[in-house]
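Okay, so here's just one chain, in structure tokens, the form predicted on its own.
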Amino acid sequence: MPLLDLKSPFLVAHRGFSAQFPENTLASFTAAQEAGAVMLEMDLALSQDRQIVILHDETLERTTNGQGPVKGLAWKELGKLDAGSWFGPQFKGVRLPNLEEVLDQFGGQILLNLEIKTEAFEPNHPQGIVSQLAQTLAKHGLASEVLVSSFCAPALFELSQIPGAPNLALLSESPLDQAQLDWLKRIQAWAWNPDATLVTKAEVNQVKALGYKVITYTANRPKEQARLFKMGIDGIFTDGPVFR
């Protein structure tokens, strides 16, 4: 389904079914899909040999048995790490995926929200994460089914300049201001993604009046989700267990 056909309101599986499975793994994404999610959210980092790796943190310690920065190891080494045992012994041996694996398994099956991590961005680098992402999506023909988000507006702008770029969303951890509005226009954004604990109805109304979607992060309790949807928010990132 093309992203433009997505109907509001909707829930997004935040790092997959991360309430019950190790985040950002194929197991977590599969579980979210089976639970009825319409969109999977995941984080993009870059390995030493410039492979796009699905990992939230800049370093490996929290969610793998590795150590040090993700960019300090090649994919051959990263792909061997255990990314499941930290969450529970039943997930021992679950591995880090790379973007190619995710697209091979889920491309064309479910919408994807790919977050470029700020620390992974290298402005105008010919082999940087932006160029690697654009090339990978073009190869798979999935740009219309992908939403790329980031707190790093320059990364989104650089991506927006590449022919055939996917839809873009600006993440925000602060109240709406003119700088964010300017970036939304500059990147021709599809959505503004604010912090669910900070966003106000006035901001939602202002952004939606300009033609952008609003997707908030992260709300897991049904009452909180209902409050946000009542404000007119289009989508909510959630860890689960409900994605419908």
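From 1 onward, residues are counted along the sequence shown. Here the structure is a predicted model, which means the values were calculated and not measured.
There is another form of this protein, the form predicted together with SN-glycerol-3-phosphate, and it is not shown here; the text below is about that form.
Participant: Can you work out which of F151, F157, F91, F121 has a heavy atom no more than 4.5 Å from SN-glycerol-3-phosphate in the predicted complex?
Facilitator: Spelling it out, the residue with a heavy atom inside the cut-off is F151.
Participant: Among I110, L171, A134, L103, which has at least one heavy atom within 4.5 Å of SN-glycerol-3-phosphate in the predicted complex?
Facilitator: Spelling it out, the residue with a heavy atom inside the cut-off is L171.
Participant: Heavy atoms, 4.5 Å, SN-glycerol-3-phosphate in the predicted complex: which of 199 to 207, 64 to 72, 177 to 185, 36 to 44 makes the cut? Say which one.
Facilitator: Partner-contacting stretch among the options: 36 to 44.
Participant: Given that the partner is absent here, does K213 sit within 4.5 Å of SN-glycerol-3-phosphate in the predicted complex, heavy atoms only?
Facilitator: No - in the predicted complex, heavy atoms of K213 and SN-glycerol-3-phosphate never come within 4.5 Å of each other.
Participant: Would you please decide whether F243 lies within 4.5 angstroms of SN-glycerol-3-phosphate in the predicted complex, comparing each non-hydrogen atom pair?
Facilitator: No, no contact at 4.5 Å.
Participant: Under a 4.5 Å heavy atom criterion, is E145 part of the interface with SN-glycerol-3-phosphate in the predicted complex?
Facilitator: The answer is no: E145 has no heavy atom within 4.5 Å of SN-glycerol-3-phosphate.
Participant: Check whether W190 has any heavy atom within 4.5 Å of a heavy atom of SN-glycerol-3-phosphate in the predicted complex, and answer yes or no.
Facilitator: Answer no; every heavy atom of W190 is more than 4.5 Å from SN-glycerol-3-phosphate in the predicted complex.
Participant: What residues, if any, in 4 to 30 have a non-hydrogen atom within 4.5 angstroms of SN-glycerol-3-phosphate in the predicted complex?
Facilitator: The stretch touches the partner through H14, R15.
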